[in-house]
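In the form predicted alone, a lone chain appears below as structure tokens.
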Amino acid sequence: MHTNPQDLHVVLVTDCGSTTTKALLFERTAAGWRQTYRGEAPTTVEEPVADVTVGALNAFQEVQELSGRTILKSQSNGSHPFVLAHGAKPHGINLYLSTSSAGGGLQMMVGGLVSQMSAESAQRAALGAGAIVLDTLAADDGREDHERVERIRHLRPDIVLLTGGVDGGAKEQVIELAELLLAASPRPRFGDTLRLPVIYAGNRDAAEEVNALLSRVAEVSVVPNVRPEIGREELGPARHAIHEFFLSHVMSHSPGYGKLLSWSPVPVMPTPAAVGDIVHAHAKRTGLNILCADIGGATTDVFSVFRDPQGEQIFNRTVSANLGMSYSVANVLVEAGIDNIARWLHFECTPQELRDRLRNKMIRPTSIPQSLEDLWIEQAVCREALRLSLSHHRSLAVGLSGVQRQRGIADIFSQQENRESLVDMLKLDLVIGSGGVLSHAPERLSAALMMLDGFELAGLTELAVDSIFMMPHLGVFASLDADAAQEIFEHDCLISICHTVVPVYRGTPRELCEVRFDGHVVGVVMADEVRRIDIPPYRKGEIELLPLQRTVDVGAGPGTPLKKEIRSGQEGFLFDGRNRPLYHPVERAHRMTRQTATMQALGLHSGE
């Protein structure tokens, strides 16, 4: 199959998820690159099928039937199953690409000497490569050696990333960490006859001894130190090694993936890495500060791109492996607490009834809401999952892009509050929501309100959703043709819902901020009120926020006006005069009244 972007006219891309394999057709049309047809089928990586290609072929068949384009050969004879297209003829494809998170995605364990130094750098490298970090071992993590050994054996990670020490520093503790891994001698999750992939990215002076030790039980790859100096990170080589092992030791030995890999000349990417790539690319192209959340059934991934004090765009990714909408919904209940979920409900629901409904969702994870009350409970859970995952993200929001980043000693030893300062909600330009609860919300404004509440947005922010969870497909396509992927992203993927205007203030002012668009006053943000201002969709113009009190901050500082060129979304402007942090009345009846008023003000169905 051709891989020259100039020869591409029809590209078929799949994302093999944990439960569903989604196939999309990208085509070069007279209007440019567009997403044209979509098919999906249950993922078949587990028993009784245990062959991921069966689900993929079922999804291809649906695309073929919908498009009328001949995609599949009648007999593949063990080779790739596609009819190859020449130009834009109404049969065949030019290229097949794929991402994957099936089988639980890429699961890693990382280790280092100091929790907030080498171990933290290892965690960032793994997260940036699209992995779920099962555990982080460190010499100062408070566990005994036997506890660490037991933990390693129990988790059975796909890959281990071992770091520690600056180049030229002490190496005894690094070797002791390797000996701990040797004693555990863990088996990889897939491929019982394989040796566990281990990446060593620590003190180069210890590399030879570490390699000699671990080569007895593992497949070792030695790469440059992720922390060669105390104030410098180099995550790129470790991230590249993770991708190499992911393909050669994880994907190729997962059920059916060897065949899937042979169908494409482009490596299969972990789904989170592909999403991160398209988010980062959009931020680079537009210069925007972006926050993106992909909330799934088992995990919630959060991506962000913010500028550091030197003006450099820093990409961050975290995964909250126990926060999700179905498989992990009970974990959201435990971590958030029943009262925090109930505070978003505008109808009577006892704590016991709420617990029972959420437990039913956990044991029937593929079910969808059957009533409005079920839907509202799901949306309440979403708010708490977003809130908790953002808190986790902000605690680790540092450079994950894999490029070298200078960090001062003060940053390394700073408290968590200083590390969080990179994610500044008043400087946030765009929020992108993805995942079923957001992308497929019955009303777009419902998705906007979930993100507004869950993230407690402040200032001026555009809210958008991924229309049909297309970002993984575009991320892997961008590795081949970035311009085409960006064109589809902006035209077919990103659905702009609205712009939120959220002043932050001190005291008890009534009128907070006057809002003008194209020189005309469109409204005033009032304290404690939420309302929508209707603006013609997709209209470019200048929005101007004028604080009416010196204590009101709309993103430019207290009392300072803010001007910005924008393009309006489908639902105009959302004014939110509830101060930050959000206040929730103690009395349940008062909370319910407040939630009902908010929904009715936005025209959302509240059941009344």
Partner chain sequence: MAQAFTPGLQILSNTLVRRIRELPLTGEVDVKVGEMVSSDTIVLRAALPGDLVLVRGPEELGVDAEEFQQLLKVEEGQQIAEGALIAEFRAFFGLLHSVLRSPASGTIEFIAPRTGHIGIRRPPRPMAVKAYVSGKVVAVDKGRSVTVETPAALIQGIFGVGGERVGTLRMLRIEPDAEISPDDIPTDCSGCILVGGARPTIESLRKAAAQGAKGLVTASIDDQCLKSYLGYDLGIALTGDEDVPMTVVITEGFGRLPMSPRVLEVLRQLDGRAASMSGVTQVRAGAVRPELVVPREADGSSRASQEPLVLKEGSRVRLIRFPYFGLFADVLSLPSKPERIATGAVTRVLRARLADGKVITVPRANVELVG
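Residue numbers count along the first chain shown, from 1. As the structure is a computational prediction, the values presented were derived from the model and not from experiment.
What follows is about the form predicted in complex with the partner chain, which we do not show.
Remark: none of the three candidate residues (140, 215 and 456) comes within 4.5 Å of the partner chain in the predicted complex, counting heavy atoms only. Looking at 372-380, 507-515, 235-243, 118-126, the stretch with residues near the partner chain in the predicted complex, meaning non-hydrogen atoms within 4.5 angstroms, turns out to be 372-380. A residue is said to contact a partner when one of its heavy atoms sits within 4.5 Å of a partner heavy atom; residue 224 fails this definition for the partner chain in the predicted complex, lying far away. Using a 4.5 Å cutoff between non-hydrogen atoms, residue 523 does not count as a contact of the partner chain in the predicted complex. Within 4.5 Å of any heavy atom of the partner chain in the predicted complex lies no heavy atom of residue 344. Of the heavy atoms in residue 82, none are within 4.5 Å of the partner chain in the predicted complex. In summary, among the residues 189, 249, 357, 204, the only one with a non-hydrogen atom within 4.5 Å of the partner chain in the predicted complex is 357. 298 is the sole member of 298, 495, 425, 290 with a non-hydrogen atom within 4.5 Å of the partner chain in the predicted complex.
Contacts to the partner chain in the predicted complex (heavy atom within 4.5 Å) from stretch 139-162: 145, 150, 153.
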